[in-house]
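In the block that follows, a single chain appears as structure tokens, in the form predicted on its own.
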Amino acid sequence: MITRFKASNFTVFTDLDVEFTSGINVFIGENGTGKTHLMKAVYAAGCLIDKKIDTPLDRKINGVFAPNSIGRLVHRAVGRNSGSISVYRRMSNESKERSITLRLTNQNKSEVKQNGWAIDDNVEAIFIPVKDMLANAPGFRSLFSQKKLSYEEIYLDIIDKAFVPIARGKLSPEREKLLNILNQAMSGRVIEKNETFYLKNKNGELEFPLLAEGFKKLGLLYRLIQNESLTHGSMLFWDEPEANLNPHLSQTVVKILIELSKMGVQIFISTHDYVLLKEFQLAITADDDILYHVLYRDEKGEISHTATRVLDELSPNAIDNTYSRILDDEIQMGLAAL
């Protein structure tokens, strides 16, 4: 599991140190506080755990963030400056942490150091971006390789994961349970033909570009579970699961994420959604492993972090504060009308 992330003068972070849980990590915070940047950095490192992935961290970071040059990822300052990130992980049978560190300068120099980071094992890291990609899958990979598309590498990565063939044989009971939940929510199952994804049900096959946006999101999740990209020991990074999702489907998403966590998938999500947070609060039991993180700007304007396992103890909570303000405004409006 990924245990920790440290950043110094990297993008919006001047000095950040975040510890994770092995289950579900939920990040909230106002826009511009670095939630997506944190997840992208950890995801990039997670992609390189498998020794067969022969890509240095600086190249993966550059592809995932897609800056004009890698030195642009160093926190803005007058004159020359340097920054770094470190990601730590620990195997279940180990007492010591492994790590990988990237040091950068705003002069586009980079250095990577690792301490036993890569291993001879198939470890999956999956990043689901806000924008749906399965509807754009046909021909995307060839156009991307020819540099005819300007996208961050996370979009290519998720399409590659979706195209992983479905393993033969009977599904495990856990996987079959998850697919049944999604099947009921979407009223169909996901299939792929000639690089085009379809939702298939009793009425036929409907290609993904014609699907409702929320069903596209559930369809991608269906495919990743179906082809076993999401399995024990893998990591799921999901940026704003609630985007384009009707609130009544938030319960389905939360149910799936909790079940994946029980299967041994480490989960990182960012959200701005009150409903999604409340669905987690209602669904979590004492046996579930969840940690709520908040990123915020302190009195100096620098990004700080706090975490708690109890949602109501999370502070500052911009989402909760906004809903409280709306309630207060409604009360005042009602009083004024008397």
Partner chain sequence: MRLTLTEEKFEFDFPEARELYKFDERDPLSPNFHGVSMQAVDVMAEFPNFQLWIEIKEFQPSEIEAMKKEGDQQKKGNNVHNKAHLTRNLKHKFRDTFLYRYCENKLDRKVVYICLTNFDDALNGYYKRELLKQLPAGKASVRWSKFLLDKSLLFVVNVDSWHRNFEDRFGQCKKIL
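All values derive from a computational prediction rather than experimental measurement. Positions refer to the first chain, counted from 1.
There is another form of this protein, the form predicted in complex with its partner chain, and it is not shown here; the text below is about that form.
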Give a yes or no for H305: in the predicted bound form, does one of its heavy atoms lie within 4.5 Å of a heavy atom belonging to its partner chain? no
Partner contact for V310 in the predicted bound form: its partner chain, 4.5 angstroms, heavy atom: no
Do S315 and its partner chain come within 4.5 Å of each other in the predicted bound form, heavy atoms counted? no
Can you tell me whether K278 touches its partner chain? I mean in the predicted bound form, with a 4.5 angstroms heavy atom cut-off. yes
Looking at its partner chain in the predicted bound form, do all three of A167, W238 and A243 come within 4.5 Å of it through at least one heavy atom? no
When its partner chain is considered in the predicted bound form, the residues of 322-338 having a heavy atom within 4.5 Å of it are Y323, S324, L327, D328, E330, I331, Q332, G334, L335, A337, L338
